[in-house]
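Before any questions on binding or motion, here is one chain by itself as structure tokens, the form predicted on its own.
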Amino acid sequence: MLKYIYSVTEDLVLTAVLTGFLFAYAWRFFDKRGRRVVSIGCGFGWLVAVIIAILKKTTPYIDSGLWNLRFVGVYLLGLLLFLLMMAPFAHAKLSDSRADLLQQLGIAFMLIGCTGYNATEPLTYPQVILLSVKSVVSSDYFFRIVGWILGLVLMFVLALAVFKVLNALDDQHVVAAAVTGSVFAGLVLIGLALRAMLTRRIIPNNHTVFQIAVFASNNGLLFGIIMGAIALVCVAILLVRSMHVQEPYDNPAQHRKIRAKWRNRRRWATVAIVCLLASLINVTVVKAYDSKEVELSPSEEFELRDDGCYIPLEQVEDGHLHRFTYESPDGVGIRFIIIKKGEGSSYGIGLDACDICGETGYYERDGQVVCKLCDVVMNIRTIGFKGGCNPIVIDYSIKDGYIIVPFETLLENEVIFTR
């Protein structure tokens, strides 16, 4: 549950704050038609993100890197239109209505690009959760989905609160926040796009470009905090203004109306602070707590004979995960696991490693075998068969009350535990 709350927050906090900034700008400077253009752009961005998220997990035809480059291109086109149409020469060359329309399209493009880039991954989480639980009717599935939903709700409320706060400030504050936020988000996306272009050799390798790409890739948390700090400045300005309200009024009824208006604004400022604080706690404290490394259970003793490792059947009859380590002549610890599959004499046996996640290993949680790296829950009945995140299959035999794992099959996989 906690994992999906902080993962959604980390993925979407920048998009949520930027959405609040751009909608506040649209509601301040555009008419009803212009607001509709911006709203359609935002909705279209989410629709595209949903479609790509579904196709990404159900078909092999979605190249995430190329789609991200397209989203960055759309965003930068929108940013260019947005900034150019603010310049005085734009209105000198174009009519006010055309300049406004181009700026509205610019904001719509920015919302499409930013949402498409950042929202696609969190929208795949329901499908990821399905792969990591036994059943959709399990409590494990329920709590993880609830965590995912809570993360989305927190980001929606944050975007709404930022919009309400900024909408209560003066024109210059709205413009400053929208421009600062959109330029900063553009710089972040450019840095991330450089990584994708370097990976696909679209641009030649360069030390400076490589360092920028690495910095952008490794500092998503920092960028989210900076964007939140920009929003917090707006909140602080509103709270300071609310302490020195000097709006004129003609009668007590107007005075009560003014007081109610500012009381409502202070409440939205409080909501914004709570959401920003909750987001910060999510991506720092909660993430650190939930990401504590799981310690693998210690390896158990077994017999070493001339031809292999001998494990007595009674040692692994309890239906729990048992881990064993054979030390090769080169001093490499080669781990393998054994678990009895319910009733009968069937056993799940394989290396404590898989082709996807490497030698990170498996652990037992609530009667389930779980991959330590990706948190995928294994179907115990499929352990011993190839596929997915299952343990790498090894040869073994059962004879005279022992499970026998030959040395040869372990040494063939020695390289996996030396990476």
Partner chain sequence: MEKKSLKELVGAALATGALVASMGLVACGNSNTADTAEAEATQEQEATSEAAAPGEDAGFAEIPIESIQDVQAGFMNVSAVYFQAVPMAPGAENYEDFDIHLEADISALENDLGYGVGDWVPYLTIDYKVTKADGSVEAEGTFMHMAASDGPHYGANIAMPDGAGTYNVEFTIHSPAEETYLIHLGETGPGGTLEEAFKDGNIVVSGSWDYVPVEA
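Treat the numbers as computed from the prediction; the structure is a model and nothing was measured. Residue numbers count along the first chain shown, from 1. Definition used throughout: the rigid core is the maximal C-alpha set that superposes within 1.5 Å between two forms.
Note that the form predicted together with its partner chain isn't included here; everything after this is about it.
*Asks:* Within a 4.5 Å heavy atom cut-off, is residue 109 in contact with its partner chain in the model of the complex?
*Replies:* Yes.
*Asks:* Even though the partner isn't displayed, in the model of the complex is residue 98 close enough to its partner chain, meaning a heavy atom within 4.5 Å?
*Replies:* Yes, residue 98 lies within 4.5 Å of its partner chain in the model of the complex.
*Asks:* Applying a 4.5 Å heavy atom distance criterion, does residue 393 contact its partner chain in the model of the complex?
*Replies:* Although its partner chain is absent here, residue 393 would stay clear of it in the model of the complex, with no heavy atoms inside 4.5 Å.
*Asks:* Is residue 364 close enough to touch its partner chain in the model of the complex, meaning at least one heavy atom pair within 4.5 Å?
*Replies:* No - in the model of the complex, heavy atoms of residue 364 and its partner chain never come within 4.5 Å of each other.
*Asks:* Please name which of the stretches 70-78, 224-232, 277-285, 242-250 has residues with heavy atoms lying within 4.5 Å of its partner chain in the model of the complex.
*Replies:* Among the listed stretches, the partner-contacting one is 70-78.
*Asks:* Considering 119, 154, 161, 213, which brings a non-hydrogen atom within 4.5 Å of its partner chain in the model of the complex?
*Replies:* Contact with its partner chain in the model of the complex is made by 213 alone.
*Asks:* Note which of 169, 332, 94, 102 lies within 4.5 Å of its partner chain in the model of the complex, where distance is taken over heavy atoms; exactly one does.
*Replies:* Contact residue from the list: 102.
*Asks:* Judged by heavy atom distances of 4.5 Å or less, which residues of 363-384 approach its partner chain in the model of the complex?
*Replies:* Counting only heavy atoms within 4.5 Å of its partner chain in the model of the complex, the contacting residues of 363-384 are 365, 373, 374, 375, 376, 377.
*Asks:* On a core-based superposition, does residue 35 travel 2 Å or more at its Cα between the shown form and the other one?
*Replies:* Comparing forms between the shown form and the other one, the residue 35 CA shifts below 2 Å.
*Asks:* If I superpose the two forms on their rigid core, does the C-alpha of residue 381 end up displaced by 2 Å or more between the shown form and the other one?
*Replies:* Yes, shifts by 2 Å or more.
*Asks:* Residue 354: CA shift of at least 2 Å between the shown form and the other one after core fit?
*Replies:* Yes, shifts by 2 Å or more.
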